[in-house]
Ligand code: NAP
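Listed next as structure tokens is one chain, alone, in the form predicted alone.
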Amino acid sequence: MKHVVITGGSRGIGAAAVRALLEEGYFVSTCSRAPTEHIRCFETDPALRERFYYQPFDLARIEEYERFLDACVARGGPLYGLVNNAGIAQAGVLATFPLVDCERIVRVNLIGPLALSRAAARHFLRHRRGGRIINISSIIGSRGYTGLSAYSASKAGLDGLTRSLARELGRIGVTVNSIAPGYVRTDMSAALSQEDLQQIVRRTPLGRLGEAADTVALLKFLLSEGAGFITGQVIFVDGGLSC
């Protein structure tokens, strides 16, 4: 049974990914600041709970990540895949945006994935069975968006991590890729006004916002054997918005 760790599995894309991989037969470990109805559902479903592990902690506490991965491996066995999904966003023009909020965004969105990827890389180097690292980025990391400078910077950094780590781990059969969703119908996009959302829909060739399932479909493929020769890529799932 393959073991995949997904950060931020309590809602949105993360919760959809946890459910999809559990239904595919993976053992899935996840974390978030606090449990939600999704987590409680996974923990109580007789068909899923034996292949599910959850640990709550503040994702800005970088020192917790290595201990978290150790706990996951102790429960679910050797690591096959890591999905750095957890992320936070907060809007505000940089000139007046509090530095403490900038720091928290970068710690959760970039330093956390760096810390967990470091721990995963050490695991992969010890076991040498190959594996997958998938970073959930954003088109905003490549295109930017007014009022999201800190978020954009953190996601651009995540894509840089993808490219460099793909070179470091390719020799042991570990692929590293980024998925860059467009504007997805989640709690995070709910902070945008209806006017902004409608403008995004009008600019999107496929004429709609993304759904979590759109990202999860690509995630499942990148975890599969069929994606074994794809690495170092930032793949957009945005309905053509970035064309």
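Only a predicted model underlies this, so the values are computations on that prediction, with no experimental measurement involved. Throughout, we count residues from 1 along the sequence that is shown.
Absent from the display: the form predicted together with this ligand. The rest refers to it.
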Pick from Cys41, Ala60, Leu218, Leu48: which residue has any heavy atom within 4.5 angstroms of this ligand in the predicted bound form?
Ala60
Please identify the residue among Ser117, Ser152, Asn85, Thr162 with any heavy atom within 4.5 Å of this ligand in the predicted bound form.
Asn85
Check, residue by residue, if Gly14, Pro181 and Thr186 all come within 4.5 Å of this ligand in the predicted bound form, counting heavy atoms only.
yes
Options 130-138, 90-98, 162-170, 75-83; stretch whose heavy atom lies within 4.5 Å of this ligand in the predicted bound form:
130-138
Quick one: does Thr175 come within 4.5 Å of this ligand in the predicted bound form, counting heavy atoms only?
no
Is there a heavy atom of Ile105 no more than 4.5 Å from a heavy atom of this ligand in the predicted bound form?
no
Contact with this ligand in the predicted bound form for Thr231, defined as at least one heavy atom pair within 4.5 Å: yes or no?
no
Check Arg33 for me: does it contact this ligand in the predicted bound form (non-hydrogen atoms, 4.5 angstroms)?
yes
